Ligand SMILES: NC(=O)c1ccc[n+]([C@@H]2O[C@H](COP(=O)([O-])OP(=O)(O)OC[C@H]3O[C@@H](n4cnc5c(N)ncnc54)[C@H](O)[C@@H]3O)[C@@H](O)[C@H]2O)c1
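Before any questions on binding or motion, here is one chain by itself as structure tokens, the form predicted on its own.
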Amino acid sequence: MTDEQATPVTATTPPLRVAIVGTGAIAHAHQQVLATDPGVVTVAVADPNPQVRDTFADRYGIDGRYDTLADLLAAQPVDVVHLCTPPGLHREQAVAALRAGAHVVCEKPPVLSLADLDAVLDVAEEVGRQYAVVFQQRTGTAVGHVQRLLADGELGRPLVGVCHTLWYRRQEDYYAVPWRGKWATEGGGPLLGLGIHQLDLLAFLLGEWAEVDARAFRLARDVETEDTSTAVVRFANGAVVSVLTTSLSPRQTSYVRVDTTLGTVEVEHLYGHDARSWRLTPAPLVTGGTPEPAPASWTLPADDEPSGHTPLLRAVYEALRTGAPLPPVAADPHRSLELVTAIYASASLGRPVTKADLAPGSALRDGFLHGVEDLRDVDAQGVVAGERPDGGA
């Protein structure tokens, strides 16, 4: 949706009163978008670190400053709460904000388990408020165009694919943050904290998944969680995708590829993409031949807008103003969290996991804080603890 199509904000329209909880790095991405919206005013922030909180509030001219979300909600009414806090806090904070009458915009991952997500969405429905999760890789003009081509069958039937999140996070700084790398506070390793972006983009393109067969490893980082995982994901449409997620790759890249009966779709970027990041290659008519010219419908739109918080928050706030359902770029948070849960569960159980394994009532919906603690550590020679170098028992 373009700015011209959005519902106009007039001088008589009361602005939406917004609060931001957690004033670390990602909160700046939120506030910088909110500051451009004439129908929004950020009235308060909450953060237990007064230095970080006041520096943020001073920079953006925000008057309300509180130690906790509870203090903020008790002091003044707000229409929308943005959660930019560690994931272990999301469920409790989301429920508190929703019950106080506010919509919630939450950074990924939404919560630490599917059961937690069920609980939050139940409260949102009960009180008539929205719970939007930030998965900004779904946004942008190019990805919207490609998603429609796949959904309409213009790119043919998806067959195979690749989904790589090859990022680099050092022990000395990234994992020095107390809540990172721990099951109870981060909920998982790079699969949940980093790779969920590409998994969400993959699922946005291909739809529902059917089966996952996965492994998880702790190769180099001193953490409770994995630092590397692999998986084979079979989607409901029959496509089979190889997934690799790690925080150990010095040359970082994010790469999603889908090969269909008619061509290949690729996007390579790091933290955000635009039309230049995408490539659509038609299949040749003869084995080893030159690819055919792409159909006109494959051409990416000229009015390119990159992915990011700007298009996502614009679409979310349009829905909040009009009372419409959340847009596709912010809806269905179950989809990617199910994939993450299935990968951890498969790695833990040592078998493929299907959608039926995660059905309501399943213990696997309660999270992945148990069972993966026995991740296989690899020593400096590349030998897995508890296994013989020859692969024997």
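Heads up: residue numbers just count along the shown sequence, starting at 1. Not measured: the values here are computed from a predicted model.
Quick note: we don't show the form predicted together with this ligand, though the next part is all about it.
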Subject >> Listed residue that, although this ligand is not shown, lies within 4.5 Å of it in the model of the complex (heavy atoms), from P328, P38, P325, P48 >> reply: P48
**OP:** Name the single residue among R91, K108, H164, R218 that comes within 4.5 Å of this ligand in the model of the complex, judging by heavy atoms.
**Re:** K108
Original post:
Taking V143, A203 and W278 as a possible spot, do all three reach this ligand in the model of the complex with a heavy atom inside 4.5 Å?
Top reply: no
Subject >> 4.5 Å heavy atom contact, R129 and this ligand in the model of the complex >> reply: no
Subject >> Any non-hydrogen atom of V21 within 4.5 angstroms of this ligand in the model of the complex >> reply: yes
Original post:
Do V265 and this ligand come within 4.5 Å of each other in the model of the complex, heavy atoms counted?
Top reply: no
Original post:
Is there a non-hydrogen atom of V52 within 4.5 angstroms of a non-hydrogen atom of this ligand in the model of the complex?
Top reply: yes
**OP:** Within 4.5 Å of this ligand in the model of the complex, counting heavy atoms only, one of 153 to 161, 83 to 91, 230 to 238, 249 to 257 shows up; tell me which.
**Re:** 83 to 91
Subject >> Sequence-ordered list of residues in 128 to 158 near this ligand in the model of the complex, where near means a heavy atom within 4.5 Å >> reply: V134, Q136
